[in-house]
Structure formats: structure tokens, C-alpha cells
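In the C-alpha cells that follow, the same protein chain appears in two forms, which are kept apart as structure 1 and structure 2.
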Structure 1
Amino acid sequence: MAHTIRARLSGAIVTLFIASVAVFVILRMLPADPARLILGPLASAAALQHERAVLGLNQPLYVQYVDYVVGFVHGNWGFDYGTGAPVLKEVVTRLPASLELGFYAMLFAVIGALAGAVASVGARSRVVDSVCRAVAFVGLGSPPFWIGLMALVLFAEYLHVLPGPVGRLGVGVSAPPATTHFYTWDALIAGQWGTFANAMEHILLPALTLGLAPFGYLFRLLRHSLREVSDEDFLLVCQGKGLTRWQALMRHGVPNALLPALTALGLLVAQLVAGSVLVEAVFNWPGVGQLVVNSVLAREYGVVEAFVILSALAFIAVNLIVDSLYVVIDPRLRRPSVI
């Protein structure tokens, strides 16, 4: 186990290094001049040259990279030249909105896919199977931003049952007292039921839009795994010992089918991070994804660099957690080796 953890950590360090170098080099190849963004379009050549020297842009590229990494570790992630605020402050301010959206999107994907797969295989429901397969097909075959736009047209503009792209809360609704910085949780803690309902209405469409592709992937994977497991002899033995088909499937079939799905969690987190950028822009969600879109349009690479590195860290952390969960779910991995 210790050897596995060391191997995973070594691979994580290499992955993080490659990601940081790639984004650092690529962004500096783009036609964006931080000195010009700071001083404006009317700045003289001498002023621009002086500002580049102050920012360290006249140093060799490897020196700039080392300085950036050292500064990143110490919390100096650069500045958002449009607002003048530090990138770290901008990211920390917007991160709770993105985390809340990602949490509900993943919750929908996991619970919906598991419930759909169990109903499809356990109850042999053709209706549930057909509906879930159709939703999975749409989620996997359509860009998230297009799904978001169609959802807004249908539910906000045509049916008028859900709010449009106005952010986390409706106009005139005050944010609940900040405890977890998740508006839905904070509203529940404070007992503000109206605020909770309003926050849920505003997060419903973005979360479903963002979670649709992970739902499709997980449903197809779980459905296939459960179909294979349901034909195994050990489930027949469990039923012979007195368990019903449902009890045998839920107690022994589902844990076995979850193992392949755990492997996919790392990829799903990467998919959520990538999809959140455009989904937040479509729904005017004040998260890190929308901040990245604004930074790209303004040609400011400080926020984009921080976003890519944080995304790589999240991907690495999820994969390490998944490796640990394997030991919890699969008893065979907890047995000492006899060799």
C-alpha cells in the first residue's frame, strides 16, 4: 500500500509539473502584453519597457517560470489587471460558487446514474432504461453550453418555470449569513427557507446542465457493469441463502459494479472543470469559470494559469482518493499478500 501511494505521489508531481510548464509556455506565446494592459494603449515605448522590467518579463523564460512557481507556492498568483485585485483573492472569492455548482452537478450525475442503472437492470424496466439511455445520449453527444442555452429557452423563456441567467440568487434576495459559503447550505443553517428555495431554483438548471455528460457516462458504465454482475453465480448463491434478487443486487452486485465507476471519477472531475467554464458563462454564474472566460477575453493569463494548476491539483487529489476508496470497497485489496 505504501509503495502504491509513493508511486501515485510521484506521478502526481510529474503531472503537475508538466501541466504548469505547458500552460506557462503556451500563454506566453499568445499576443498579450501585461505591461500594455496595465499602462493602457497610449503608453510610450519607454514606459512599457520599464513596466516589463518591473514585472520581470525581460528575464529568460525559465527564470520567469521559477519565479512564478515560487510566488504561487507563497500565495502570489499575480494580479487581475482589469480590476487590480490579486488573482488569489479573485479565485477565493468566486471558488465557493463553482464548488457549490460542481457539488450538485456531481450529486445529480452519481445518484441519477446509479438509480437509473439499478432500476434498468434490477427491475428490468424498459421505460426507465429507454429514458436514461436517451438522456445519456444527449449528455454525451451535445456541448454543455448548447444544452444550457436550450434549457434556458425552454424552462426560463418559454415555460417560465425556472429563473433565467441572473446568478446565484434572484434580484432583491440577500445572501444568507456566510457559514459554508454554499448559499443553499447557509440558508438551511440560518433557517431562511425562502432563500433556500430561491437558491435551489437558480442552481437547478446549471447543475443539471453541467452534470448531464457525467450522468451519461456513469449510467452507461454502471448499466453495463450491473448487467455483467447480475449474471454471476455468487448472486444466485446469495439468493439461494434467502436473499431476494433486489437484496442480493444491492448488497453484493452494486459494490462490485462501482469499482469501474470509481476509476472514471478522475476523468469526470476533469470533465466538470472543463464544462464549468462555458456553463458558468451561459448562466451568468459568478464562479471561477466565468472569471476564466472574462480573463481570456481580456488577454490576462494570470487567472488562466492559476485555474489550470488548481484543476490539475483537483484531478490529482480525486485520483488519490479513488485509489484509497478501492481498498475500502474491494475486500480483496485488504488481504495481505501470500507471496
Structure 2
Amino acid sequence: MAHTIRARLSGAIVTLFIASVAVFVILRMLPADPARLILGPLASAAALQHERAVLGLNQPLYVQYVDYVVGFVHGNWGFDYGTGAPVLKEVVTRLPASLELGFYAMLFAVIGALAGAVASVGARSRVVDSVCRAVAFVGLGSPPFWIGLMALVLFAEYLHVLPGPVGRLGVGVSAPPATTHFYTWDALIAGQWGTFANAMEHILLPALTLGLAPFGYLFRLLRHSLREVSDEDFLLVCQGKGLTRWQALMRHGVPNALLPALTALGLLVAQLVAGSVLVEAVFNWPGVGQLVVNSVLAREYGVVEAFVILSALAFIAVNLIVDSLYVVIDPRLRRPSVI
């Protein structure tokens, strides 16, 4: 088991190295002239030369690469030209908002997909099956920012049941004392029920919007694997021993059907990261995704670069954890790999 995990870990490190070279080449080498980008079209030749020296662009490539990796590890991610704040600080202050949104999106997606799959396969409900499949098709077939727009038109503009795109809290509501930096949790800890309701109200639409694509993905996956499992002989054996069909499915079918879903976790994280860029800006959610959109529009490459590296890091880490968990959960994978 340890052998397999070690193999996965070394594989992840190699991937991380090549990925960092890829980011370096794409974002440092491809732009025609970073000095020109920073100083603008009117800069003099001398100023450009000076800027290149400051950026280290006259150094050999491998020196530039090492400088860039060392700088990144030390948290030296450059400055946001708009606010003048260090990129690291900007990202760290915005991260809790994104994480809270991602948490609820994932929660809705997992609960919805599991309930939908069990109802459509286990309880053989045609209605639930059709509705969930339709929602999955819409979730996987449309850009999240369009879903957000439709949700706002319906719930905020016509039905007036949920607030419009105003961020994490309503006007005049102050943030609860910071413990976890998740407003909903902090409000609960501080016992501020009004603030909790307000925060939930504001996070509901963006989280549902962000969770729609992961829901579609998970529902299709769970439905498929639950169908396969429900045909297996061992469920028949369980029923022969005296369990009802329902008990056999819930106790022995669902855990087996969950296994393939674990593999998909990395992909779900990728969907959430990409989705946060597309959803946060719509709801004026003060997270990292909104920062990225603003930075691309303002040509702030430092922020974009940090975001690209961080999302690759997160993606690799999640896949590594999932691969290792798989070995822990599935005994068949514990023997040392032949390759």
C-alpha cells in the first residue's frame, strides 16, 4: 500500500514540475515583451531595457525559471497594479469567500445527486429520473454565468424571493466575528441568527448555480454505477438472506456505487475552480474568481499567473489524495503495481 502511494506521490511531483515549466513557458515566454506590456506602447528604449533588467529577462532561461519558482514558493507573487496590494495578500483575503461558496456548491451537488440517483434507480421513480436527467443536461450544457443570469431573472427580478447580486451579505448587515471566515458558520458560532439567515439567503443562488454542473456530472455517474451494482448477484444473495431489496441496496449497493464517484472528485474540483471564475462575477461575490476576471480585464498578469499555478496545485493535490484514498478503500489495488 505504502509502495503504491509512494509511486503516486513521485508521479505527482514529476507532473508538478512539468506543469510549472508549462506555466513558465506560457505566461513568461509567450507574451511578446513583458517589459512592453508593463510600461505601455509609449515607453522609451532605455526604459524598456531597464525594465527587462529589473524583471531578469536578460538572464539565461534556467536562471529565470529558478528565480520564478523560488519567488513563488516564498510568496512573492508580484503586485496588483490596481490596488498596489501584494497578490498573495489579495488572494488570501478573498479565498474564504470562494471556499465557502465552493463548500455549499459541493454540498448541494453531492446531496442532490445522491438523492436523485437513489430515487431514480432504487425507488424506480420515473419522474425523479426524468427531472434529474433534464437538470443534468442543462447543467452540463450551458455556461454557469448564463444559469446565474436566468436564476437572477427568475428569483430576484420576477419572484422577489431572493436577493440580487450584492455579494455575501445584504446592505447594512455587518460581518459576524471572524473565526472560520465562512460567514454562515461564523454567524452560527456567534449565535447571530439574523446574520446567518441573511448570509444563507445570499449564498443560495450562487452556490446552486456553481453546483449545477458538478450535480449533473455526479448524478449521471452515480445513476450509471448504481444501475450496474443493482444487477449484481451479491445483492440477490443479500435479499436471499432476508434483507429487503431496499435494505440491500442502501447497505451494500450504494457504498459500491460510490467508489467510481471518488475518482471524479478531482474533476469536480476542476469544475468548481473553473466555475468560480464564471459564477462569482455574476453575483458580485468577493472571491478569487471575481478577482481573476477583473485581473484579466485589467491585464494584471501577476494575479492570473498565481491563479493558474494555484489551481494546478489544487488539482494535482486532490488527484493525489483521491488516488491514495482509492488504495486505502479498495483492497484490490493494494498489491504493488507490476509496472
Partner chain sequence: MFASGHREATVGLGVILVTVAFAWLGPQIWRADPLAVNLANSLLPPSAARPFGTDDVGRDVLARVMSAGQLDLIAAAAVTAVGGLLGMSVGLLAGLRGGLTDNASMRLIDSLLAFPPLILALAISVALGAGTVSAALGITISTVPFYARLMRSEVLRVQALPFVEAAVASGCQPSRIVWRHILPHTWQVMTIQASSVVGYAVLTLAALGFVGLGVQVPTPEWGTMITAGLSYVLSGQWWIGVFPGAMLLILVIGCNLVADGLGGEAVGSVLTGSTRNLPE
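Under this definition, the rigid core comprises the largest set of C-alpha atoms superposing within 1.5 Å between the forms. Quick note, the numbers are simply positions in structure 1, starting from 1. These numbers come from a predicted model, not from an experiment.
Legend: structure 1 corresponds to the form predicted on its own, while structure 2 does not. Relative to the superposed rigid core, the position of the CA of residue 284 differs between structure 1 and structure 2 by less than 2 Å. In the core-superposed comparison between structure 1 and structure 2, the C-alpha atom of residue 299 has shifted by less than 2 angstroms. With the core held fixed, the Cα of residue 57 is displaced between structure 1 and structure 2 by 2 Å or more. Relative to the superposed core, residue 47 moves its CA by 4.9 Å between structure 1 and structure 2.
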